[in-house]
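Consider the single chain below, provided in structure tokens and representing the form predicted alone.
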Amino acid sequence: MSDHDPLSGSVLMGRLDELAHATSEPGVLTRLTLTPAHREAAKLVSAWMREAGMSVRIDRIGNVVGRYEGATRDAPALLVGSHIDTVRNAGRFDGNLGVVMGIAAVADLARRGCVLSHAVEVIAFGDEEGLRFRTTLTGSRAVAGVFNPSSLADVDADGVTRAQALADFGAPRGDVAEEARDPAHVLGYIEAHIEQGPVLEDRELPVGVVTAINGATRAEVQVRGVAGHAGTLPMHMRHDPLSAAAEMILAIEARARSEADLVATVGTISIPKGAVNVVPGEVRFTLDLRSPVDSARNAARADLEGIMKGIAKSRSVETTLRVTYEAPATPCDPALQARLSASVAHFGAAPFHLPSGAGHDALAFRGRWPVAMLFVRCAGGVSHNNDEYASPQDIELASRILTHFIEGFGQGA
């Protein structure tokens, strides 16, 4: 395809490379919310949106919003977006890809003179990662109308409040609640994103249609025994919480392996006051449990609590589980999945459905309006580091699928 084609993989890759130069750390991509690097990225995205034929504004929470009008000025909008903030030492595709693809889709529609029955709003959300302040998804939550005003008082590591950071960023002053969209004027939301996992690559597929964003339960598990001398305490007389924890962790793995789409991870483990010559007295570990089906996740959690208590009893130790975070699954709308699958098939690719194990801005719209997600294959499933990669060919195909979906949506196809 010609480089004048906004959906060309080489054009899109060039924009991702250009956007990656908006960073707080030379040599690596770090773009936390409401920083000068974020402001630089927002200016670049704004320019691309205007070039594509959109009216553009920065909203009160720091999102960049571009609108491509429909046949009437008050036409309801299909929202298309992702985020432009990053983790530290990030890859250039996470979030940014969905924004660049959304802009390219509108640019292609405008180039061809397509006026749809609905408007298209491309939104570059500014705070999906949640690294600078203690709350996250503030941009998408504001649009959804579920923004918590108390998060304006959140403070970063330098003592700067979110409210001050918004002022420094240049966001308009005013009530963030006014950014909430009326669901009657929103047709739905679609987000294109790299998979951040290895499933599509393993199946040799360029794209996938997301069925749901996994619900998640996070917990801290404490196992208490009796500390003792490593040399003098006979094995059969020990109350060793570490051995019990090891058995529990293997049981967690086995339970997750027994059910499709259920994943469980023990990400940290610690031994307070541990020493090489001491039988531990206490062990703590974390549990991260995810599933696209809330009932399955809740059942797994209940099962694991029972299994761990049984292990503790058999080893003469005690255990407690404390839930620290819980979020319900966000199902993708079946009708939008079907439309998206039809667009995938239109370009000769095999429609494949899979859940998202990672969270996305689409989470904020649960229960507000229909959501859909298109995944793009990424090399090795690697994300959140500089090795993150999606090929120009896959990006171009995904962009054409997204554009077809947007255009067909307006035609009722």
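Just so you know, these numbers come straight off a predicted model, no measurement behind them. Residue numbers run from 1 along the displayed sequence.
Absent from the display: the form predicted in complex with another copy of the chain. The rest refers to it.
Across the options 178-186, 91-99, 278-286, 107-115, residues that bring heavy atoms within 4.5 Å of another copy of the chain in the predicted complex belong to 278-286. Among the residues R238, R339, R224, R132, the one placing a heavy atom within 4.5 Å of another copy of the chain in the predicted complex is R238.
Residue P198 is the only one of G170, G145, P328, P198 with a heavy atom lying within 4.5 Å of another copy of the chain in the predicted complex. Contact with another copy of the chain in the predicted complex holds for none of I61, A75 and T136, as no heavy atom of theirs lies within 4.5 Å. Looking at R290, you'd find a heavy atom of it within 4.5 angstroms of another copy of the chain in the predicted complex.
At a distance threshold of 4.5 angstroms between non-hydrogen atoms, T232 is in contact with another copy of the chain in the predicted complex. Using a 4.5 angstroms threshold between heavy atoms, G357 counts as touching another copy of the chain in the predicted complex. Contact check for N214: a heavy atom falls within 4.5 Å of another copy of the chain in the predicted complex. Contact annotation for 253-268: residues with any non-hydrogen atom within 4.5 angstroms of another copy of the chain in the predicted complex are E253, A256, R257, L262, V263, A264, T265, V266, G267, T268, listed in sequence order.
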